[in-house]
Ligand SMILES: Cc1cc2nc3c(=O)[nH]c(=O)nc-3n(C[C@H](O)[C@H](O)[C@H](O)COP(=O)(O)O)c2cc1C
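Below sits a lone chain in structure tokens, taken as the form predicted on its own.
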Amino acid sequence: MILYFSATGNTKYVAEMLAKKLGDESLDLIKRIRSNDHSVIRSQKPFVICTPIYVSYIPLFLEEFLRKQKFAGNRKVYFVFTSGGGHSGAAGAAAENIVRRKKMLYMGYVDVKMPNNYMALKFIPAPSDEKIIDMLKESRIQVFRAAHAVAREKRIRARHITQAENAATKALAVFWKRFMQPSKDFHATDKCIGCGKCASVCPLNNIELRDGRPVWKASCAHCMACIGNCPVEAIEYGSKTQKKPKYNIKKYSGKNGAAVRAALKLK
């Protein structure tokens, strides 16, 4: 079974592609995360957990969720990490720790480079449409690698991560969460239609509607789900996102993707 959390569609795209190649089913974890539902998930096939990378680590809220989650059936667990840089930092060590604590078999991980969706820093430019299309094409190679290993239930060899590197990266992730992810700069512009989509996609239940407008509370993962999923692009993060395109993979996949490729004269 393919399990995933996805904010703006990158990890969902990879998970569903992987499920199709393996003839397996995929499960979006967002509802379980939002409701703290850790009821048993069963699978006769190996588990494949697909997750984005935040600050070279598994999102802290997802790490906590997976530690509590109950699994049954097949004891083998693979991870697939998606990130704009194409590498997962110390996330592999965190993944292995989660699996071993459950007395399951850690089978390794695959990194998949995907378009960067983090818009809350001015010095990180948004990739062009051409670059995004190219990256999505290249991502298939790594997904194929993951599918090949999972189908044969073979271990994936990955870079060794020392305890010191893991501890330092986890500390950085905790620091970033505490001091570098304020939610006070999120706001909705006059384009907001009060649909509530932003509130429904927030993994931490951090957004609520008041008088038909979203209000952000203190706990925020900076996952960009609210910005990327707004149907009218009404959400901004201070002035940092005002001149940036609001990324969601739906623009580049499926029928929409065909339209974009046609506009760019790409196959």
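Note that residue numbering follows the sequence shown and begins at 1. Here the structure is a predicted model, which is why all the values come from computation and not from measurement.
We do not show the form predicted together with the named molecule, though everything after this point is about it.
The closest non-hydrogen atom of Y118 lies within 4.5 Å of the named molecule in the model of the complex. The named molecule in the model of the complex is not approached by S43, whose heavy atoms all lie more than 4.5 angstroms from it. Under a 4.5 angstroms non-hydrogen atom cutoff, the named molecule in the model of the complex has A7 among its neighbouring residues.
Proximity of G228 to the named molecule in the model of the complex: non-hydrogen atoms within 4.5 Å are absent; the residue sits far from the partner. Note that among 156-164, 143-151, 84-92, 182-190, the stretch whose heavy atoms approach the named molecule to within 4.5 Å in the model of the complex is 84-92. Exactly one listed residue, out of W216, Y237, Y54, F47, brings a non-hydrogen atom to within 4.5 Å of the named molecule in the model of the complex: Y54.
Contact with the named molecule in the model of the complex, defined as a heavy atom within 4.5 Å, holds for exactly one of V201, L27, A221, L209, namely A221.
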